[in-house]
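In structure tokens, the next block holds one chain alone, the form predicted alone.
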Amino acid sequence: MNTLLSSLPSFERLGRIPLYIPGKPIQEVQRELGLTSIVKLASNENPWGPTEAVKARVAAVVAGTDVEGLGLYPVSDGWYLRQRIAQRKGLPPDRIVLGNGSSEILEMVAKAAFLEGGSAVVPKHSFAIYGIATQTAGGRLIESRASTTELDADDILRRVEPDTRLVYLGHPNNPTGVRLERAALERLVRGLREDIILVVDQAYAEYEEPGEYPDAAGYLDERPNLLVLHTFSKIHCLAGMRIGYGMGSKEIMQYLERVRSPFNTNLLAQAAAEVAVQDLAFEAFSRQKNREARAAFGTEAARHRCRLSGTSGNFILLESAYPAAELFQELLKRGVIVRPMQGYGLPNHIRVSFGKPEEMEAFWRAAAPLLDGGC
């Protein structure tokens, strides 16, 4: 007699965890709708790279003229890349861990934290992987108060329960594009119970003005149970390579190494990231282009009386009278891919990534007839 997996307790629990739905790839839209001209503004990718230096390094690895070549395993812990990150961040390499994107590190810390159950506090309207990683690892999700315009550090502290093991904070938050001011971040860092790991996801931090951004890494020596994440998928243009990193205490790293899969980051990704992490000029260029795109989008949105949320990152939330799912489908028919936000509790919002000027013009050509009178 066959037993349905859904009748087994563990699989029944997994069946209740929501699936992560990524932004639609261009190839999929081409296949489904037969379109040839498509603009993707769905996944917060940087349209300005990767740089020629990164491409040259990857080509050299593929050709076998740099490092060992593709036929051999990569350095399992990414020692050489961790050295580069350590130099950039002013930390010893043994306080850095690599992941297959920073999302894998979100899953690694959940796996480590919830071996015996427990809960995680996550602000409302946060990156879906925080909740998915928590529940997949056997943890319980507690949602703290947040809105499209505010994160509430004090409510995060209030929501902590005796079994809380983790707090996840997107800083700036995806998809709302908001962050904490320095004083609020300090209240959270210093007020959170010492046995709780605070995970601060800074995937979009490089888009912030360096002198103005309250970087959680500044508290690493003050709070041993702090893990700060960065990714090469956003400003560094390596989303297709899947590589990110976390910074924390030596003790946290020792435990993360026990749940990290061997060879979790590949040779090409490590080589590309070694180049990208040193290129401050490209970061500054991308930051400036992002500022220009945000300003231009705000001007055009005002013409159509659209409500916008978020001032951080390389994306914006747009609220419309159109239900998000319908607006998404209508834009898709016109060759523009955005991200509907109904799965984040925002049924009338879409998230729009900032592309090149011609891509943003394509968005407004498609969106303006739909939004006029309905924004």
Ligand SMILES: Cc1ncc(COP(=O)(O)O)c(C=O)c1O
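Numbering starts at 1 and follows the sequence shown. Just so it is clear, the structure is predicted and the values come from calculations on it, not from any experiment.
What comes next is about the form predicted together with the ligand, which does not appear here.
Of the listed positions (164, 233, 135, 270), a single one reaches within 4.5 angstroms of the ligand by any non-hydrogen atom in the predicted bound form, namely 233. Note on contacts: among 103, 290, 119, 264, the single residue with a heavy atom within 4.5 Å of the ligand in the predicted bound form is 103. Looking at 123 to 131, 79 to 87, 109 to 117, 274 to 282, the stretch with residues near the ligand in the predicted bound form, meaning non-hydrogen atoms within 4.5 angstroms, turns out to be 123 to 131. The ligand in the predicted bound form comes within 4.5 Å of a heavy atom belonging to residue 203.
Contact annotation for residue 242: at least one heavy atom lies within 4.5 Å of the ligand in the predicted bound form.
In the predicted bound form, 174 is the single residue of 162 to 178 with at least one heavy atom within 4.5 Å of the ligand.
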